[in-house]
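One chain is shown next in structure tokens, namely the form predicted alone.
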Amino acid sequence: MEKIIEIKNVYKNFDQLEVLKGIDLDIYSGEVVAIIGSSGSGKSTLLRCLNLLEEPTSGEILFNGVNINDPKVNIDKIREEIGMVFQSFNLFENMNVLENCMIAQTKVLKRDKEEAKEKALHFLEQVGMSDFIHSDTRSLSGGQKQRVAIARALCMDPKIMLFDEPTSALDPEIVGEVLDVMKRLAADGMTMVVVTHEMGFAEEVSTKVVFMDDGKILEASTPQELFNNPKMPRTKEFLKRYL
């Protein structure tokens, strides 16, 4: 398997607050990596460092062998290959569903409108939103918005998808519809890094689970190993609360 992302000794400070403390992690093509841990452990900060929404204070992040925090690197080109799905959807409210999925394709990838539309329709169908293409995004439920956000990211043909707690803003009864879409993506071989509180998803779908605590990775192993045989007392304590 080819290595898509290498994280080497990454630290991140916000003024005096040290949020990431020497993170090392490799992510391979086709892996689904679930990052778990309590709030404030640095999970979302680590994810946002992977496409430089947050800039590491020190250390290196390599994407396909390119050090993305090198000032000479065109981060916008890198971001074209890294899809990001946020907790709060981040859809354009002045555009309908179809337009949301076409705008970056035409503006960033310079696709013509017909090709962009075809791609958008394809992925909206994949996430079960093809009946809503002309809908005002403000009229959608949270689960529907998140599925549109996933389709929009997929339209850019990313090499990897980053999900930052994609279900935490959703009502419990609609969490399943978003997780189902993510499960299908995983089954199709999409490389994914998912910050999540959904332990069932982490256990069932991921190929690697990373447990973070206080800005460090305490354990990283297969879901079977981490959930059934955690090594660290802190991991055991965390899982006891969640499982």
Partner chain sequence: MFNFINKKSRFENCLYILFCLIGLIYGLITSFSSDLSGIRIICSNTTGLILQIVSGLLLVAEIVLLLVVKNQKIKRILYLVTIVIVTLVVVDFLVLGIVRSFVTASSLTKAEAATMGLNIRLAYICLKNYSSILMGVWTTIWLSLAGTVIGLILGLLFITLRTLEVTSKDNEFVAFLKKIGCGFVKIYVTVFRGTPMMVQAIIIYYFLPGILANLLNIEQGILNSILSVGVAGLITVSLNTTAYLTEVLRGGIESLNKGQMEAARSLGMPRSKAMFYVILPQGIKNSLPAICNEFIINIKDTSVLSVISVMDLFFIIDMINGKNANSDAIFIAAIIYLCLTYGISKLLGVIEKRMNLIAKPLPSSN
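Everything numeric in this text was worked out from a predicted model, so none of it was measured. Residue numbers count along the first chain shown, from 1.
Omitted here: the form predicted in complex with the partner chain. The next part is about that form.
- Contact annotation for the candidate site: 113, 131 and 163 all lie away from the partner chain in the predicted complex (no heavy atom within 4.5 Å).
- Residue contact with the partner chain in the predicted complex: residue 123 places no heavy atom within 4.5 Å of it.
- Among residues of the shown chain, residue 96 is not one whose heavy atoms approach the partner chain to within 4.5 Å in the predicted complex.
- Contact between residue 68 and the partner chain in the predicted complex is found at the 4.5 Å heavy atom cutoff.
- Using a 4.5 angstroms limit between non-hydrogen atoms, residue 62 is distant from the partner chain in the predicted complex.
- Scanning 144 to 162 for heavy atoms within 4.5 Å of the partner chain in the predicted complex gives 144, 152, 153, 156 in sequence order.
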